[in-house]
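This document starts with one chain, in the form predicted on its own, laid out as structure tokens.
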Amino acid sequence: MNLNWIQIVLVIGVSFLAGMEGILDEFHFHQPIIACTLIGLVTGNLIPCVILGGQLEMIALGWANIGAAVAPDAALASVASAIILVLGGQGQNGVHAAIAIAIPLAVAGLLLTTVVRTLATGVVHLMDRAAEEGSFAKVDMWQIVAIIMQGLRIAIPAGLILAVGASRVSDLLHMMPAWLTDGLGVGGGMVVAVGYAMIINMMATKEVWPFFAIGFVMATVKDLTLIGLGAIGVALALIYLTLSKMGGSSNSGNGSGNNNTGDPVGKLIDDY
């Protein structure tokens, strides 16, 4: 698929916003589901890009900056894979290949992140000098410069991919044999499952599981059968039992008995 100059400008603009939001984290343009959706919207490939963004979002759920360890760059992975999907012209059939390309791009994006953050360290020292001079205008200027650097971190690679052209990207995707694309699709699905499992593992407590069961049933079961209603009923019963123990255990052994009203939800609200 060939893009006109208006679409190219809009794609680069979305890429720039995704790069900035990777640091600002205010409007979440760097999140895969949003970045891919916006690129699909401006290029006329909304449905394939939404599918791509949703699957990448499940993978990115397991990415987090822990201490000095920096997570893979979700913004670069989202933007680059969405552009490749659009230029490839395969629609939903190219989602698996785009996901497979997104993972190494996310890891490669760590190099760009390191370079930009190293340069940002020098910008911080310049801001310190401006603060010593009492120049708030210079502080604001250098802050804007640092944010622009973050935006260019994604916009420049996006522009390079667009410069390669649709024909080369399409030829590259068509050169991939069927066994490779099928394998990449299976691998991409496994990565999604692993990312989601990591999140569940971090959140897995006896208080959270009932809510997970309710959400799972409501999200996956189109027609609530007896099994679905039973799962919801069991989850609600577990939630009630947990709240009852939390509301009644605080007064065990207390002779006054004034605080135990028999309303566990009200007791929790009062505690907060």
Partner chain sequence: MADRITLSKADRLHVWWRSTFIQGSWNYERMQNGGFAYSMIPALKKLYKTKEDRAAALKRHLEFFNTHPYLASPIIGVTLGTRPGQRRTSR
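A quick note: this is a predicted structure, and the numbers were derived from the prediction, not measured. Positions refer to the first chain, counted from 1.
Quick note: we don't show the form predicted together with the partner chain, though the next part is all about it.
Undergrad: Tell me, out of 165, 104, 177, 134, which residue has a non-hydrogen atom within 4.5 angstroms of the partner chain in the predicted bound form.
TA: None of the others qualify; the residue that does is 134.
Undergrad: Within 4.5 Å of the partner chain in the predicted bound form, heavy atoms considered, which of 100, 108, 156, 147?
TA: Comparing distances to the partner chain in the predicted bound form, the residue within 4.5 Å is 147.
Undergrad: Just to confirm the contact call: exactly one of 76 to 84, 114 to 122, 157 to 165, 89 to 97 touches the partner chain in the predicted bound form at a 4.5 Å heavy atom cutoff, so which is it?
TA: Selected stretch: 114 to 122.
Undergrad: Hey, in the predicted bound form, does residue 240 get a heavy atom within 4.5 angstroms of the partner chain?
TA: Heavy-atom contact with the partner chain at 4.5 Å: absent for residue 240.
Undergrad: Residue 245: heavy atom within 4.5 Å of the partner chain in the predicted bound form?
TA: Contact check for residue 245: no, nothing within 4.5 Å of the partner chain in the predicted bound form.
Undergrad: Can you check whether residue 27 is within 4.5 Å of the partner chain in the predicted bound form, heavy atom basis?
TA: Yes, contact at 4.5 Å.
Undergrad: Answer yes if any heavy atom of residue 152 is within 4.5 Å of a heavy atom of the partner chain in the predicted bound form; otherwise answer no.
TA: Output for residue 152 is no: heavy atoms all beyond 4.5 Å of the partner chain.
Undergrad: In the predicted bound form, does every one of 20, 23 and 128 come within 4.5 Å of the partner chain, counting any heavy atom?
TA: The answer is yes; 20, 23 and 128 each reach the partner chain.
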